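One chain comes next, on its own, written out as structure tokens in the form predicted alone.
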């Protein structure tokens, strides 16, 4: 009786190990039934040999695959995500493969549109927006020639123009939020700015067009207050930020009543922002993403938007969340509700410990490439649930285009992926 029990336990152990190794088939099943001890020894030897060449992370199954494929597991399963699975955080040092991965994801999205048009008309059509600091992503033109490259010279934008169907007073509140966060103003200056905008919109309501940032600047400058009043200080702060922006290289793009942003909703666009000051980058990205979100919230739109932000620390910096007078940054608020409007955000960072909690909390996928700062590695390991000492040690020796990934659903254990090499 004892021998039968031991044989049964050995067979169960062998079957479990074969399933884990993806090696259970008709031939191995016969051996489990006839010679369970012998095949268990073979499996143990195989696992020992395998452990010498694989990482200490779990080997996933087919559940890690998805519509947008971007990598392969150690056991050669494709890795991808489905369209409703919003927001991805990509963390890694320079040259590790973040840009390559971003390029693959957006290339797959553009290719999916071509398949969609011919074979699956019920699938979401994807519009790609990329905010980058280098011209690398222009290689996407090889996949889709209908991509607009915006370098903020030959485009017109009016941040005071609300999305179609949105009340100007509602847009005033949105504009004031991302304006003070981009330029570091305080709550009192925000209230002054809102009051000025309300008066300016009322003044222009009969003219049939919207005021521009230049109109706002001249309107605020013309206001008279006693030099010792608090309002004069608020006026000075608003004029200082407006003047700096309107005397910068961006001045010409804001000199308009109606801008081009409404035409970009349906247009693949690469926004190249390498020569903008940090405050200008925060302002431009916050403005365009806020406009996109508000537009889709009000207007019926079946498109899905992929928004990629290279070097996203300037946008999602955790220091923005530490000023109680400003409240939660608007881009952080959007992350928690933006999914309902079919917007997927892909954010790259070299210093993940400096990224705000909103992105970490709302990311469906977290991908950790090689990082040189131990604080960054510890931060990502904690956020991804990497607790085994062997796994933690492996994170310090990731190779280029190798990363550890964890999904928020489906296969929830962290596992290793390899990114295919592409020419940028």
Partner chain sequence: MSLFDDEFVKQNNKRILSGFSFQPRYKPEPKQEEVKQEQSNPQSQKSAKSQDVLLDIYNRFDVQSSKRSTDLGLSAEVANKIYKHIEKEQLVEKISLNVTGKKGGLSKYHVLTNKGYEAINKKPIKRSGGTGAKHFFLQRYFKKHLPEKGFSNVEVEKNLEGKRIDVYAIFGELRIGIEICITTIKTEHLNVQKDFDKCDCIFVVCSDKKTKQKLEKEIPESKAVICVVHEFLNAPEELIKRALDLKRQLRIV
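Positions refer to the first chain, counted from 1. Predicted model, so just to flag it, every value in this text is computed and none were measured.
Below, we refer to the form predicted together with the partner chain, which is not included among the displayed structures.
Asks: Spot the stretch among 159-167, 280-288, 188-196, 224-232 with residues whose non-hydrogen atoms come within 4.5 Å of the partner chain in the model of the complex.
Replies: After filtering at 4.5 Å, what remains is 159-167.
Asks: Looking at 171, 320, 210, 81 here, can you tell me which has any non-hydrogen atom within 4.5 angstroms of the partner chain in the model of the complex?
Replies: Only one option qualifies, and that one is 210.
Asks: Consider the chain as shown here, without its partner, and state which of 257, 202, 336, 249 has a heavy atom within 4.5 Å of the partner chain in the model of the complex.
Replies: Answer to the contact question: 257.
Asks: So in the model of the complex, does any heavy atom of residue 73 sit within 4.5 Å of the partner chain?
Replies: No.
Asks: In the model of the complex, does residue 113 have a heavy atom within 4.5 Å of the partner chain?
Replies: The answer is yes: residue 113 has a heavy atom within 4.5 Å of the partner chain.
Asks: Within a 4.5 Å heavy atom cut-off, is residue 218 in contact with the partner chain in the model of the complex?
Replies: Close contact exists here: in the model of the complex, residue 218 approaches the partner chain to within 4.5 Å, heavy atoms only.
Asks: Using heavy atoms and a 4.5 Å limit, would one call residue 125 a contact residue for the partner chain in the model of the complex?
Replies: Close contact exists here: in the model of the complex, residue 125 approaches the partner chain to within 4.5 Å, heavy atoms only.
Asks: Would you mind checking 130-154 for residues with a heavy atom within 4.5 Å of the partner chain in the model of the complex?
Replies: Residues within 4.5 Å: 138, 139, 141, 142, 145, 146, 147, 148, 149, 154.
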